[in-house]
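Form predicted on its own, single chain, as structure tokens, below.
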Amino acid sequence: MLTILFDGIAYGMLLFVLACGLAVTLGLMNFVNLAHGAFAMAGGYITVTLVNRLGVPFLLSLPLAFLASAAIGLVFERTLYVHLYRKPHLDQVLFTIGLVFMAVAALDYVMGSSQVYVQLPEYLRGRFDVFGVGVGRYRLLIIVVCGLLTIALQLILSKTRFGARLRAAVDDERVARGMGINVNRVFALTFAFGSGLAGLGGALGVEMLGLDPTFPLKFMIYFLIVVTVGGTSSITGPFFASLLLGIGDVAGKYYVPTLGAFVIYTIMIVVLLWRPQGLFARSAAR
């Protein structure tokens, strides 16, 4: 049971890093970016290429995947997304889902349709026992990295001047501009950072989730469930939602394998019946 709990926490942490960029763009920027998974896929393929083909050390490939995905996100934000901030959500949904299908087709043409995995170094393979609990080395790495990222992200958004400027720009863009805040720069940096986090999550998730060109479509629903269950008022909600869903998904697939795939949806339905606005509603945060 403790081993399942550990694996569920690792999976939940990975879901959070994959989905928190969407939580930022949707909750803090009020932009529906269904192409978020495409940036995660980009980070995964960048890591696979660096490690498997170029021989770059795996740990070094992680920050490179983050930076590359952030750069891609910045280019897309400045050239495409910036024109959609004031558009209705339906326009944003249609545009970003179109980007997903374009990304899937492009990666299928360039990288092929087969599922790929990353070659982990020997010190990240296997398990070791801690008081009778089987602890996977790679899953422990995921928990440590994602935990540190969660703390850093929460501090950046709640304690720094940049976080205050972002909240001001979202709440009232006109007033924020009048106060001298460069709203365009704030949004661009926020979107790039969220894209970078998606890329890092994709890089970390290659070994656990596998990677193929349909990745954004397969896991889009998971990203949306995390944000929906957690609420969009802060990062805290999606974090706890990710842990709840990760543990529930792993435990369900282990104890009731025939119904395990439905556990995550059951949790979502129960939580939303209890709190329709998510675990941390925006109105409660203000």
Partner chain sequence: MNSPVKTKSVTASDVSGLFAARARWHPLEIIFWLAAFSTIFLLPSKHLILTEIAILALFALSLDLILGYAGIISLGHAAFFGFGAYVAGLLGKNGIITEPLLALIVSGLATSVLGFVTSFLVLRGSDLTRLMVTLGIALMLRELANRYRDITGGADGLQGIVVDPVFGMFRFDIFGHTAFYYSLGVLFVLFLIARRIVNSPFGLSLRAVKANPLRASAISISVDGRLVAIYTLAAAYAGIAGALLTQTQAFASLAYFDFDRSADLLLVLIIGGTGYLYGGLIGAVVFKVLHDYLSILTPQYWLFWMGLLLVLIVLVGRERITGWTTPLRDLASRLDWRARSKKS
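Given the structure is predicted, the values throughout are model-derived calculations rather than measurements. Numbering follows the first chain given and starts at 1.
Beyond the structure shown, there is the form predicted in complex with the partner chain, which is absent from this document and is the topic of what follows.
**Q** Under a 4.5 angstroms heavy atom criterion, identify the one residue in Leu209, Val104, Ala192, Leu166 near the partner chain in the predicted complex.
**A** Here the answer is residue option Val104.
**Q** Which of Leu217, Leu243, Val56, Met29 has a heavy atom within 4.5 Å of the partner chain in the predicted complex?
**A** Of the listed residues, the single hit is Leu217.
**Q** Could you tell me which of 63-71, 46-54, 235-243, 220-228 sits within 4.5 Å of the partner chain in the predicted complex, going by non-hydrogen atoms?
**A** Of the options given, it is 220-228.
**Q** Is the gap between Glu173 and the partner chain in the predicted complex 4.5 Å or less for some heavy atom pair?
**A** No.
**Q** Should Met268 be classed as touching the partner chain in the predicted complex when contacts are defined as heavy atoms within 4.5 Å?
**A** Taking the distances in the predicted complex, the answer for Met268 is yes, it comes within 4.5 Å of the partner chain.
**Q** Considering only heavy atoms, tell me if Gly126 and the partner chain come within 4.5 Å of each other in the predicted complex.
**A** Taking the distances in the predicted complex, the answer for Gly126 is no, it never comes within 4.5 Å of the partner chain.
**Q** Is Ile247 part of the interface with the partner chain in the predicted complex - any heavy atom within 4.5 Å?
**A** Result no; Ile247 lies far from the partner chain in the predicted complex.
**Q** Going by heavy atoms, what in 87-109 lies within 4.5 angstroms of the partner chain in the predicted complex?
**A** Heavy-atom contacts to the partner chain in the predicted complex: Lys87, Pro88, His89, Leu90, Asp91, Val93, Leu94, Phe95, Ile97, Gly98, Leu99, Phe101, Met102, Val104, Ala105, Ala106, Asp108, Tyr109.
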